[in-house]
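So this first bit is one chain, no partners, the form predicted alone, shown in structure tokens.
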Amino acid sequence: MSISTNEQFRKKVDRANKTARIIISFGGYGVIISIIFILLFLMYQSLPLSFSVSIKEMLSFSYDKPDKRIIAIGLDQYQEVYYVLNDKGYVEFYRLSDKVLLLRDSVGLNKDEKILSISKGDYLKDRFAVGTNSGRIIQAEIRMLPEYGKQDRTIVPHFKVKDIYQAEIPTDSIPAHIEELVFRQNDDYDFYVWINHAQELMLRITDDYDEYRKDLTEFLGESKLTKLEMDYNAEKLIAGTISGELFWFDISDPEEVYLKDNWKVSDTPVSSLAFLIGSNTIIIGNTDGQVTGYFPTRTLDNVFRFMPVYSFDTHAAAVEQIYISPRNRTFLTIDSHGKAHLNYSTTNQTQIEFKPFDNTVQAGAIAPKSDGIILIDSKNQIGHYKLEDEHPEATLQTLFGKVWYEGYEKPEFVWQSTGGSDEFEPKFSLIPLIFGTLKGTLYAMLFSIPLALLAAIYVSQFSPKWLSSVIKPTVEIMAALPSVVIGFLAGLYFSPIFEENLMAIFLVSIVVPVVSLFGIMGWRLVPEVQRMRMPLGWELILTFALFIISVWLSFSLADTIENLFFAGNIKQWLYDAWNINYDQRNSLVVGFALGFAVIPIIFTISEDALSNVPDSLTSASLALGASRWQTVYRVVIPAAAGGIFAAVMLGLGRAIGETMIVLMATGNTPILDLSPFNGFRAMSACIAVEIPEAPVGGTLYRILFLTAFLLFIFTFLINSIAARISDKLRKKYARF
């Protein structure tokens, strides 16, 4: 009967063991699978950043009026309707799907009058001006508006002539050609700049009340002009010459137009010019196929000059046309052989090269949403292309290298994801975020490691049991304190205290160690017999008393020392002497606050490792005549080195991944500055701040997931290294 009972009990135990093994294994594998799934999900969201640009032909068809020369072509924002404008002044709108004519209108040319030049006044609106061979400038507007029915959408085209101006007066013997024309509009004026048949450079600025007309030819000397361009804010006028020079006119004040600068860009004629959105970067094409980009930068003599920043792949022939994207800094260059290059200015890259036709290209345009291209060749063959280039601003260079951004004096690491307008140039360097994460971690570890390790050594090796039973749970309870509470206190309470008592805090960091050292020396002067009579734990009271005295002394001397040595204001002295700015929410505050979040982790694991050192080791050391401290330093700490290292590395991982404290206690400024008096932006804080505003699937959205992936890799590597080294250290001291 007892045998049967024992067998049943053993079977019951075996079943329980198997069940427990299955549950534990399921949990362990579940954790591993979850981690792998998170890693794969982060990779999946980040992977589209690596996709290259692609151009796919959607339609190719012939425009059925081969006798007309097309000078402009365009698309609506949905790429359902296109228009063509020919040199006879007729504009026609067609539906792309079935080539049905929707509207035909005219700019109203006279008999034998032809369009010689055209300029679009705004990259967002199809308002343009044309110059004719009879000296007239005609301003017109194209609008393609969507109208919604119950089940469908219809694009309705509109065309309207807005203004006609007789710019040049022809005679029987002298023509009046508008050879080159630039037209712009801003909130105040309409701007017209043209080159006439006599190679004169003329400027007209007008509004409802005033008109300014100026002849700028005198500024050019003997230079012969080839191309004109104006920024979309109508402040900078650029004229290119046959000798490869550029002339920069400041036209921001209509009453005071002047030549601001001129410089040489090439030994060959300038064949095309175009300002990108943002009105800073000008793209220059030359007859030798070179494509370069310049934007104004402040020089050492405090003067703004256009500097060569970008250089793109060279064409095999003269660059005749440049078409810009109305959404980003993508632009299309086309040479006289019909070869097209798609470029992106920020990355300084030619993304793709293609030849749309066998013939040369007459005109083209990038769709309003920068997701399509339409071109027409010299034989009136039209090509419609789908452009897939969702993340042109994200490359290895822009994410991890220095980039020369518009308005900056040199290449720098910059994170600035959004701006005040659509013309803003995104800056996505991850280096400031990585630097900020490491900076915050550094100051947190400098504060937490000494306190946590010394506390663990004291509690495990020196303190009486009654005291350790109080200290250890108290420190461990700190780990349950929410990060948001620590960040709240640091940002709103401790930051002002640090700012108001900066001198005193400096003195505390000096006076406390000095007073403690003298206290220890004084304690050692006490006869050993008297010291041995003191009950265990009383040394903590002495230490606390010395700390209070040190703090009181520091605050008492702070004003005096600040007045004597720092002219009464240490923050101003730091700026005057070292050019160091003091921000209220800075790395000192973050290190102090984040250190409190890390201390419980390091303390708990280190204390356990130190307490688990076999008593035989400490007893043998003491028996050989070593002091208690010598035993701790030479025996206990080496034996527990694996656990201590693991504790420090886990604390490091906790500091790297912290979000709320660094979000609330620092200014979130993504700068590269190791100064403890400046803030920073950590990777985790950046994700928390920017992910709510990031459009799903957009570049910022993908880059934030890439940031999370890098943060995951950092913490994974740290934990893996910690485990590896801890195992080696345990094996090393296992013989004891």
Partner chain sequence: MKKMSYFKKKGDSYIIFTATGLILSLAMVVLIMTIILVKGLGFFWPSDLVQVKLQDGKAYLGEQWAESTKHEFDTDGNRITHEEIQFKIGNRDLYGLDFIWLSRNEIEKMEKPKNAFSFERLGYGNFYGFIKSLNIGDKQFNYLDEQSNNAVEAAHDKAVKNRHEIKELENDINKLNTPLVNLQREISLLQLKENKTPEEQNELEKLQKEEQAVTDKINPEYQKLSKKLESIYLENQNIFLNLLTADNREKKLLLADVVRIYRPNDFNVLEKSWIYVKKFYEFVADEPRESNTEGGVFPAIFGTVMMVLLMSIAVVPFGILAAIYLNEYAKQGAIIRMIRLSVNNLAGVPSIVYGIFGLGFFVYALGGTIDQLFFSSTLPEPTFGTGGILWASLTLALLTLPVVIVATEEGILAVPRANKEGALALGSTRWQMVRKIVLPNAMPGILTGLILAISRGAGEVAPLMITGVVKLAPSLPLDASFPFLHLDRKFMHLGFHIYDVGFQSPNVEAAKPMVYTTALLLIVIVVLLNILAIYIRNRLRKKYKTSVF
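This is a predicted model, so every value here is computed, not measured. Positions refer to the first chain, counted from 1.
Below, we refer to the form predicted together with its partner chain, which is not included among the displayed structures.
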Margin query: Within 4.5 Å, heavy atoms only, which of 97, 630, 299, 154 is in contact with its partner chain in the model of the complex?
Written below: 630
Notebook entry, point to check: Among 542, 102, 109, 202, which has at least one heavy atom within 4.5 Å of its partner chain in the model of the complex?
Noted result: 542
Next item on the list: May I ask you to state whether residue 21 is within 4.5 Å of its partner chain in the model of the complex, using heavy atom distances?
Entry: yes
Note to self: Contact with its partner chain in the model of the complex for residue 476, defined as at least one heavy atom pair within 4.5 Å: yes or no?
What the structure shows: yes
Next item on the list: Using a 4.5 Å heavy atom cut-off, state whether residue 657 contacts its partner chain in the model of the complex.
Entry: yes
Check: Any of the heavy atoms of residue 29 lying within 4.5 Å of its partner chain in the model of the complex?
Finding: yes
Next item on the list: Tell me the stretch among 564 to 572, 110 to 118, 217 to 225, 303 to 311 that has any heavy atom within 4.5 angstroms of its partner chain in the model of the complex.
Entry: 564 to 572
Notebook entry, point to check: Quick one: which residues from 591 to 613 get a non-hydrogen atom within 4.5 Å of its partner chain in the model of the complex?
Noted result: 592, 596, 599
